[in-house]
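So this first bit is one chain, no partners, the form predicted alone, shown in C-alpha cells.
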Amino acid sequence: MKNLLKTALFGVVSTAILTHTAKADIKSFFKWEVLPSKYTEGTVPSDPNDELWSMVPGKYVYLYPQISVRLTDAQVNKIIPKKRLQKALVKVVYNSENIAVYVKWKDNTPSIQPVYTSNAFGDGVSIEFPNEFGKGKTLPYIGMGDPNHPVTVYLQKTVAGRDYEKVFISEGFGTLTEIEENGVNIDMKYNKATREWVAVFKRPLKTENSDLRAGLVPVGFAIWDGNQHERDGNKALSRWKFIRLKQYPLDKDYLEYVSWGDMIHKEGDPKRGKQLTIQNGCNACHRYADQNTAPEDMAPNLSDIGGIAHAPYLKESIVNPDDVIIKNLNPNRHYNKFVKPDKTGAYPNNDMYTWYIKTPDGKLKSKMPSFAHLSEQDLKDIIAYLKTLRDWRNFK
C-alpha cells in the first residue's frame, strides 16, 4: 500500500512539474519569440513612413551569419568572423484582408548593386512564411525551407535602375522558383539621418500558397549587407519567430509544440550535453565550438545553430532527421579526384559531402542517422548545449 501510495503521489508530482514546465516554456516563448501586432479596421500601410507605424508596438529580432558551410569566396570567409550580430526592429499590422510586416535595421554603409558588375553587391531583406503550418505540421528549415516543407519568400534588394521586388516558392538552397502573387507590395527606403533601412512587406492574409489566418503565424527574416559582399546564401539569418494575430483563435496544441524547450537552459545540462554530442559521434561529421576534426562541409557547421534554430527543430533533427532535409548551400565545392574525369576534364562531385541521398523511389533521405534511442533527459541536455552555440567568430 505504501509503494502504491508513493507511486500515485509521484505521478501527481510529476504531472505538476510537467504542467509547471510547460507554462514556464510558454511564458518565456511569448517574451522572446512572439511578435506583437496591431489590428486595424482601416488600410494596412505599405509605406515605411506611414504614421500608423509610430503607433504599432515592435520587438527586436536578432540575425546570425549563415555559416552552414564555407563559401567559395575566400575574401568573404575572412570577413565572417568579424561580423556583428544583426538586430532588426519588427512591427506588424493587419486587417481582415491583408498583413504588413515592417523591418528596420542599422546600416552605416548603404549599398546599391550596379547593373553591370560581378563584384559589387546591394543591400537586401527578405521574410518568409511556411506554406503550411499549424497542429501536426513540422516547421521548415529556416534557411528557405526544405523539400517536405516549402516556404514563400518575399525579397527586396537594392539594384540600380530597377525595383528588385521578388516572390519565390522555395524548398531549400538552390530551389527558388519565382512566382506572381497578387496583392503583394514591398517598399524599402534608407534614412540618411538615422542610417537605417526600413522595409515593409504587404501581402494578403490568404494567398494561393499560404493562409496566415491563424492565432500564431511563423515568420523568418534574412538581411544582406552588400558592403560585406553578402549575396545569395551569404546573409544574416533569424530563427523562426511567431506573429500573434489576436483576431484569430490560438491553437493550444500548436503553441505547446513550438514553445517546447524554451526554458531548455534550466531543464538541461549543457556540460553533459556537450559530452553526449561527442559520445554519440556528432563531431565526426559536424564542426562546432572546439570540435573541428570533421572534414569541412561533411555536414552543416553548428557554430551558431543556437541562434538560428529553436528547441523543437533541434529535437526533431536528432530524433527524425529525414523529416527536414537540408540541401547543401554549395554542393559543387568538393570533387572526387579518385575517379576518371569526363570528356571536358571535369571531376564529378564527391558524394561524401552531400548531406542526403535519393532512395530508389526518388525520395530524399538524410545521411544523418536517427538518435531516437536517446532518453528525454539526454535530448534536453544535448539541446541545452546546442542552444549555447552562437559564436561565428571562431568560424574556420
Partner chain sequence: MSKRQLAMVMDLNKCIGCQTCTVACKTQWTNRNGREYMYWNNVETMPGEGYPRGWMEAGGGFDEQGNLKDGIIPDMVLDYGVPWDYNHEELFEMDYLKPDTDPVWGPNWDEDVGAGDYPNSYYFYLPRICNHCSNPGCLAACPREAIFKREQDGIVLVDLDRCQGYRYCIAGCPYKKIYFNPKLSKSEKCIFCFPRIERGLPPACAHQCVGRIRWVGFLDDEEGQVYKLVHKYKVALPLRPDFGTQPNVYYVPPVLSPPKFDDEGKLIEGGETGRVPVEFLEKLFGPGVHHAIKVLKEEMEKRKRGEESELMDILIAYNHADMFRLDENYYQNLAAEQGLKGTEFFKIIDHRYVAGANTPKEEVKVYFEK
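Numbering follows the first chain given and starts at 1. So that the term is clear: the rigid core is the largest set of C-alpha atoms that superpose within 1.5 Å between two forms. As the structure is a computational prediction, the values presented were derived from the model and not from experiment.
Heads up, the form predicted together with its partner chain isn't pictured, but that's what we're talking about next.
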Its partner chain in the predicted bound form reached by all of T158, T177 and M188, non-hydrogen atom within 4.5 Å: yes
Looking in the predicted bound form, any heavy atom of G362 within 4.5 Å of its partner chain? no
Does N49 make contact with its partner chain in the predicted bound form, using a 4.5 Å heavy atom cut-off? yes
Determine whether any heavy atom of K166 comes within 4.5 Å of a heavy atom of its partner chain in the predicted bound form, and answer yes or no. yes
With the partner left out of view, is K343 within 4.5 angstroms of its partner chain in the predicted bound form by any non-hydrogen atom? yes
The listed residue (P204, P147, P81, P110) that reaches within 4.5 Å of its partner chain in the predicted bound form by any heavy atom is P110
Of N301, N131, N283, N234, the only residue with a heavy atom within 4.5 Å of its partner chain in the predicted bound form is N234
Choose from 239 to 247, 168 to 176, 301 to 309, 211 to 219 the stretch whose residues reach within 4.5 Å of its partner chain in the predicted bound form, heavy atoms counted. 168 to 176
Applying a 4.5 angstroms cut-off on non-hydrogen atoms, the residues of 108 to 146 near its partner chain in the predicted bound form are P110, I112, Q113, V115, Y116, T117, S118, N119, A120, F121
Once both forms sit on the same rigid core, is the C-alpha displacement of T117 at or above 2 Å between the shown form and the other one? yes
